[in-house]
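Presented below, as structure tokens, is a lone chain in the form predicted alone.
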Amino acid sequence: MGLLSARDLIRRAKEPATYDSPVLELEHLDTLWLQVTGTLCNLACLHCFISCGPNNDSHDMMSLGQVQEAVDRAVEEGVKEFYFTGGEPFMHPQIREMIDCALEHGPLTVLTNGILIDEEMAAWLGDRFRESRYSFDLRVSLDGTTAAENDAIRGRHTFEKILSGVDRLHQNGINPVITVTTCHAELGAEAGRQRFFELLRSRGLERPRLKFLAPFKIGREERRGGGYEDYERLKKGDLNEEAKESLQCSSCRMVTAKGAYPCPILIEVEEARMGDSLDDALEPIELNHPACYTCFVEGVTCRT
């Protein structure tokens, strides 16, 4: 993937900081992200890179019309899949209509903490999972295999609430992807990953699905774990062709109620805003933010 070696990282840390950033073309719009609930969330997780929470209205909820417009325009560009995120998507009063809108045109994944998925919603989601002509996935965020681990990041009493949402999805025929941000470093190692498999199997999920993500050191995570160092920037020459293709921003864009952005990570970075609509974002981007460095070095993709 063209990732930097340990020797490269040590050398770069000793060099003077320079910011002659590489430019990345949009090869094709394969993936459209939609920030359907903006920055409104029922939780205020300590590692949230866009600082979502109950009182954050930096990005408003998208209207159903805005979602339909973005989906239709992406279809014209040959989009292959859709992702809904927030905030917490299930806080949106029209989330069902939005899900139906996307599933008319392609595969959909919804990112959620699972807490608001009650019995009735889980049953509806199960129906959509079985009836849709396209694949339909749920990604549920969990950041520990115990209440102590998870709740230290996501808030008191969230561990069992999240797992109860997972249980309801499973009971209705959906095997969600459990997404883990490795704030607890040991959870990214083999033994930590195995603990997640054991936990999910103990809840009846015979074939657990897991996705591990490195933290992005912006938003609340910058206050929790510290920010980026000066050397943590991409430079021209870092990216070979294989590395360019591996970066999701070569094939995705994000739309919010406030406009269009290169990816889900940078919606609170004003300089990253590309314009009012998806049309404005179908352009090359400069990889000049430290979060781009994390995607490159860690091999991160927000896609399932």
Partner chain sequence: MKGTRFAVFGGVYNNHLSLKATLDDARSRGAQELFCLGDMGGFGPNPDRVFPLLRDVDDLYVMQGNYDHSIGNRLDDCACGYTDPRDNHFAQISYDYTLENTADTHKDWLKQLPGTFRKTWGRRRVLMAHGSPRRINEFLWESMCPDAFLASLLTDAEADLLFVTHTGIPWKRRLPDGRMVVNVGAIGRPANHGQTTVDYALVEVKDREVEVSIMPVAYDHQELAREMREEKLPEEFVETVLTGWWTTCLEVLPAKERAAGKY
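Residue numbers count along the first chain shown, from 1. None of these values were measured; they are calculated from a predicted model.
Same protein, other form: the form predicted in complex with the partner chain, not shown, and the subject of what follows.
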Proximity of residue 231 to the partner chain in the predicted bound form, heavy atoms at 4.5 Å: no
At 4.5 Å between heavy atoms, is residue 167 in contact with the partner chain in the predicted bound form? no
Does the partner chain get within 4.5 angstroms of any non-hydrogen atom of residue 115 in the predicted bound form? no
Contact between residue 207 and the partner chain in the predicted bound form at 4.5 Å, heavy atoms? yes
Going by heavy atoms within 4.5 Å, which of 128-136, 87-95, 142-150, 155-163 lines up against the partner chain in the predicted bound form? 128-136
In this chain shown alone, the residue from 60, 69, 268, 30 with a heavy atom within 4.5 Å of the partner chain in the predicted bound form is 30
Identify which of 105, 73, 184, 220 has a heavy atom within 4.5 Å of the partner chain in the predicted bound form; exactly one of them does. 105
Look at the candidate spot formed by 49, 100 and 259 and say whether the partner chain comes within 4.5 Å of a heavy atom in all three of them in the predicted bound form. no
Checked 76-108 against the partner chain in the predicted bound form; residues with a heavy atom within 4.5 Å, sequence order, are 77, 78, 79, 80, 81, 105, 106, 107
